[in-house]
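Take a look at this single chain in C-alpha cells; it is the form predicted alone.
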C-alpha cells in the first residue's frame, strides 16, 4: 500500500511544522515554496514563543504549543538561537495591574508558571525600564527563537521534497503550478499565510502589516521579552493603525523592537510616521533607547481572521483540502500546535486541541470555492 501523498503549500514556519508532522505520520510530503524557506512572514516575525489568553481556545493552543517547543528545543541547531528568557507583561498603572491576577490564574490553569512582580521588584528585575511603572506579570517559560532556521530544520527532518514553484490554483485532487503542471495528491494543506486568500478568496482572511526594527549591538540590556500589559486592550484593540511596546533581547546584544498593526496595507514600504510612533512608544518604557542606533527596519504581512484564531482543518467544500493559516502574529508560537491538531484530524490521533473549534466551518456558511 503506497503512503499518503500530501502537498503542503508554503515553506514558512507553519508549513514546515505541518510537513514534519505529516512525514512522521507516514505521509510522503511535497512542499511548494517559490521563495526562500522561512523567508516570508516567518522571517518578518519576532520569534516570540508566548502564551496568550485572549480566549480559551487561544490559551489552549499557545500553551500546548509551548510544551511542544520545549520538547523540540534539545534537537534544534545552535543557529536557531532558542532561548528561554521569559516574558514580562508590564503594567503602566493600577488599572492594568488589576488585570494581572486573572491573567496569572489563566496561565496557571493552563499549566504555565506565572508570578506577580511589584513595582519595586520590576525595577530591580529590569532596571532600564522607566520609573513609575505599577508592576508586571512574569511568565518565565516563554522563549524566543530564530524561526527561519527552525523551518529549514523541520523540512530537512521531514525528508520533504521541496519544489521552488508557486501554487496558482487548487484543482480537484491537486494543485496547478505556475508553469501549468498539475500535481496530484491525496491531501493538500494550504499553509502559505496571506497567500491563502488568493487561492481561496472565499475564506474570511485579512492582511495585517507590521514593522520591526533591530538595533546595533550595545543596546540597553534587558533580560526578558518586555510587552506592555495593555498590548491588546489599549494599543491593538481596534482596526485603525496602532503601535505597542514590545522589545526582545537578542543573544548578540541587540534589541528587536515592535510592534505595529495596519490592516489592508499590502505593500512592504516603511511607514515612517508610524515607525516613529512605535519607537516613541518603546522609548517611553525604555528611555535609553533614544540614544541607540538602528541597524535595520523591515515590514511583514500577517494573515488574520475575524476572531483572531487560525484556520486549522478541512475546507468545508473541497475534499482533501486542509487549512493551516490565519495565525496573525502567533504563527511561530502556534506552528507546532497547529501541526499537531492537523495531524490529529488527518490520522485520527488524540489531541486535546480538538476540543476547540479551529476549523473554517466555525464562521458559518463559507461560500463554495471554484476549482481551477
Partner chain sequence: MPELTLDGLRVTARPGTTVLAALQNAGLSPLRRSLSGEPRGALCGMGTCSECRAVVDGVTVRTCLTPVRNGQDVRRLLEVNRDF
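None of the values given here were measured: they were computed from a predicted structure. Residue numbers count along the first chain shown, from 1.
What comes next is about the form predicted in complex with the partner chain, which does not appear here.
Selected contact from 280, 124, 268, 217, since only one has a non-hydrogen atom within 4.5 angstroms of the partner chain in the predicted bound form: None of the other options qualify; the answer is 217.
Partner-contacting position among 273, 238, 251, 131 - heavy atom within 4.5 Å of the partner chain in the predicted bound form: Selected residue: 251.
Residue stretch of 95-103, 79-87, 195-203, 132-140 approaching the partner chain in the predicted bound form, non-hydrogen atom distance within 4.5 Å: Looking at the other structure, the answer is 79-87.
Residue 291 within 4.5 Å of the partner chain in the predicted bound form, heavy atoms: It does: once the partner chain is placed as it appears in the predicted bound form, residue 291 has a heavy atom within 4.5 Å of it.
Touches the partner chain in the predicted bound form: residue 295 (any heavy atom, 4.5 Å): Yes - in the predicted bound form, heavy atoms of residue 295 and the partner chain come within 4.5 Å of each other.
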